[in-house]
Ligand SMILES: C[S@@+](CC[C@H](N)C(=O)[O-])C[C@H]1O[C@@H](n2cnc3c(N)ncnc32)[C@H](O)[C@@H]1O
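The chain below stands alone and is given as structure tokens, in the form predicted on its own.
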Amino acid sequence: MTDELNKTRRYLEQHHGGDGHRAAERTIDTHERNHDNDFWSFWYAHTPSGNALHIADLGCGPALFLKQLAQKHPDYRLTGIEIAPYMLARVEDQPANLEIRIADLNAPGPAFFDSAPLDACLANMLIHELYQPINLFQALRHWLKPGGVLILTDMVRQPVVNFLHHKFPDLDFAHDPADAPTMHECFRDYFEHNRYSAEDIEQLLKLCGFDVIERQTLREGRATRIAARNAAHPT
């Protein structure tokens, strides 16, 4: 295991509150909310149709999305990419057409896959966890076939006051004392989950050679869902 991989693993565990087991449980508990009927409608509206497609889930966690795809499309080739041991430990009953690969998506490099094998991929709540998304977006231009689609869902920037009211709905900030360690953790959490606006992510995708097909606003502006097409395979 490389030093960079271990560094990213330590960062992610801290990002997940220092409790990887709890983070994995939360991912499982929120899976249905993040992959509801609206999600599936968006997915099928923008991803290719056909048989024997190759689909990847970037930061797949316990691979619940890919397991659902495996049930719906047993002829698909499915690849999950994950780095966190506590997520990998929860990948249970792995279908025969699902492969899990370990990689640091901060700098995966275009050679991680053979040239342009992917028809579509998902990045669900991943981009805000990266140190920066440029290297991944550049790699995806090589991984996705020309016309292949990235479906991206992530938290986006919101006013800090809205975030505080969401985290502490019963706290009167004008009169109630605020615990310093709790506030330190809260603001660390805020800056890690509010790095980009929806416009930032859209413009970064365009900068890296994607055509943005559709962008939706989710959770009263706290999140976005984007479909982006690989316009042409880079030389």
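Quick note: we count residues from 1 along the sequence shown, nothing fancier. These numbers were taken from a predicted model, which means no experiment stands behind them.
Omitted from view is the form predicted in complex with the ligand, to which the following refers.
Heavy atoms of Ala84 reach within 4.5 Å of the ligand in the predicted bound form, making it an interface residue. Taking non-hydrogen atoms only, Thr47 never approaches the ligand to within 4.5 angstroms in the predicted bound form. In the predicted bound form, at least one heavy atom of Glu129 sits within 4.5 Å of the ligand. Contact between Asp119 and the ligand in the predicted bound form is not found at the 4.5 Å heavy atom cutoff.
Segments offered: 140-148, 102-110, 68-76, 157-165. Contacting the ligand in the predicted bound form at heavy atom distances within 4.5 Å is 102-110.
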